[in-house]
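Quick setup: one chain, the form predicted alone, written in structure tokens, and binding and motion questions come after.
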């Protein structure tokens, strides 16, 4: 690959500038085939004879830069002509060179933009190979600067300027063919309304929070400026609010040519619903000049849900938009502030839902490669992948478990056994990392964990985010859970599972000895329990949920007592959850599995914080990071680390599809070849219907309340098998086709 291309760079420009690397050449004869292969430390866009090649954004993508860079190949034959031709690669800092991570540190992976590209042109009697070298020229143009977090400056009055010849760079990185899916422009939204805020700011509301950018089409006086800032929300007074962006400026500056101009970023994107016109050179604001463009990785929509409760429908749309906004080349945590990183814990809890909503197999396979590349020799998995050095090498339970949970979820959704096999060594190493940690062979004690992140059972303030559940209990519970998954994974791959079966039993026994007494959770009087910076409690909703969900109890009497205590704690909290990132994804399924379906719906439909509908009632159009990111009085949870576009709590739709509609994939039925269907209707929704476009065809389930009872409409893809259990106790095994059932109303 690129056998005649060398790494090149320029030192003639300041930081954040956008160099153009150019090669002019002559084609003799009619072009039969031509391609360009390119990669960069930084980002690039390819132009041939002034024409942009392809629609993909942010090439070469965000990967584990110390380990690999992806190279994309472009067909350029249709852009070439006989005679003189020109190839340009317009570059910017991107993830590798620019500001990245909390604190806005730059140069994590390279201190400068470097480019490597090769054109191969077949003109019949001649074959030309043009690799990057010292003969390439460097120019600057109208794109003055670009930073991923800070935005871009485009000056249409600026002439191209030659700044020198390229220099050879010394780079030593593995270049691999591109994988994954491209990032593209997607939905286009017109402005909803113009707002003049109490401060007199000109603000445009697009009605939807998203990741992307605003395209501006305008004709004005040459040299006039347009400056646009971005925000997710307005403050309690109705003014433009940007403090939660932290150090990300999220501002684009455009200088007009005097003709009709079209402005938009090429190397940055923003997370926003609102824009503020900081500079606008006209007396009036013509809303038709503005279009909000959603930007995310190319994925086929596969999941759909609708019910008789408009607030729940809005919640589902918020989940969809949260996924779109945070599937930008990698699974990110949020698209707006100075972060946008691949947090392993977020995707661990959300992937099941993500794989219902969209076909994410190729997207996730690319990220799994980086997950494996960045796993340490001792098996530790970082909380952020690709890694960013200012985050440190923190390894946390529930975050690192993405190494096992995510490949398993992908396999269940798509029957990609090859990917499960590819990830198996990583999974084994993660288990052994937990196995060898600390003073107890079969427990994970100590360590630096995120705990039940953002749970409301601890005092929430900038210093306390881990919740009140002891992190040693959470870590040991997840050690058990991941080990139990390894039993299922080993069996799916036809491997001997006996080691993991025995290991799980040993972990369970050790867990019960250390963390349980008389069937209830207790404090382990070391490490986390001695914390002086936050309250740590033995009895929390999350502790009970994990014990029940991961099968760490013994016997019917103990199970019943744990369920009762969980229900009592919910009642004591005003009928609300107090769980965070660890407990919330499981609490509804635990209640339903334990015969407390009505209580699960009570939580699902709860409107006081903490709840899913609290944000919906406050106009949210995406999932919030914090249950009470905007409080009832209109004030903010905090001015920092307060995203209004975080998908993690959207994982509730795993329960909606899996238990309300009742659709679950059986372990021996990956790719929906064998499913169980056990619906749990509730009159408060009126009806609920979901559809999943599986690789085998359409799978759909609807239940609805009718005068004569509850009607169920099920469609099973041909060639698939469904084990159906209805609320009246009827059981049946069905093959592909459409079916209708009736039961008495509950």
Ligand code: BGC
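As the structure is a computational prediction, the values presented were derived from the model and not from experiment. Residue numbers count along the first chain shown, from 1.
FYI, the form predicted in complex with the ligand isn't displayed, but the following is about it.
Peer 1: Please run the contact check for residue 581 against the ligand in the predicted complex: heavy atoms, 4.5 angstroms, yes or no?
Peer 2: Looking in the predicted complex, residue contacts with the ligand include residue 581, since a heavy atom lies within 4.5 Å.
Peer 1: Hey, in the predicted complex, is residue 88 touching the ligand, heavy atoms inside 4.5 Å?
Peer 2: Although the ligand is absent here, residue 88 would stay clear of it in the predicted complex, with no heavy atoms inside 4.5 Å.
Peer 1: Since only the chain is shown here, I'm wondering whether residue 346 would be in contact with the ligand in the predicted complex (any heavy atom pair within 4.5 Å).
Peer 2: Residue 346: yes, in contact with the ligand in the predicted complex.
Peer 1: Considering only heavy atoms, tell me if residue 399 and the ligand come within 4.5 Å of each other in the predicted complex.
Peer 2: Because a heavy atom of residue 399 falls inside 4.5 Å of the ligand in the predicted complex, the answer is yes.
Peer 1: Only one of 79, 453, 511, 109 gets a heavy atom within 4.5 Å of the ligand in the predicted complex. Which one?
Peer 2: After the contact test, the surviving option is 453.
Peer 1: With the ligand left out of view, choose which of 273, 116, 646, 324 has a non-hydrogen atom within 4.5 angstroms of it in the predicted complex.
Peer 2: Spelling it out, the residue with a heavy atom inside the cut-off is 646.
Peer 1: Since the partner isn't included here, can you check whether the ligand sits close to all of 593, 596 and 680 in the predicted complex (heavy atom within 4.5 Å for each)?
Peer 2: None of them does, since no heavy atom lies within 4.5 Å of the partner.
Peer 1: Name the stretch: of 117 to 125, 562 to 570, 481 to 489, 334 to 342, exactly one has residues whose heavy atoms fall within 4.5 Å of the ligand in the predicted complex.
Peer 2: Within 4.5 Å of the partner lies stretch 334 to 342.
Peer 1: Which of the residues spanning 625 to 664 lie within 4.5 Å of the ligand in the predicted complex, based on heavy atoms?
Peer 2: Those in contact are 625, 641, 646.
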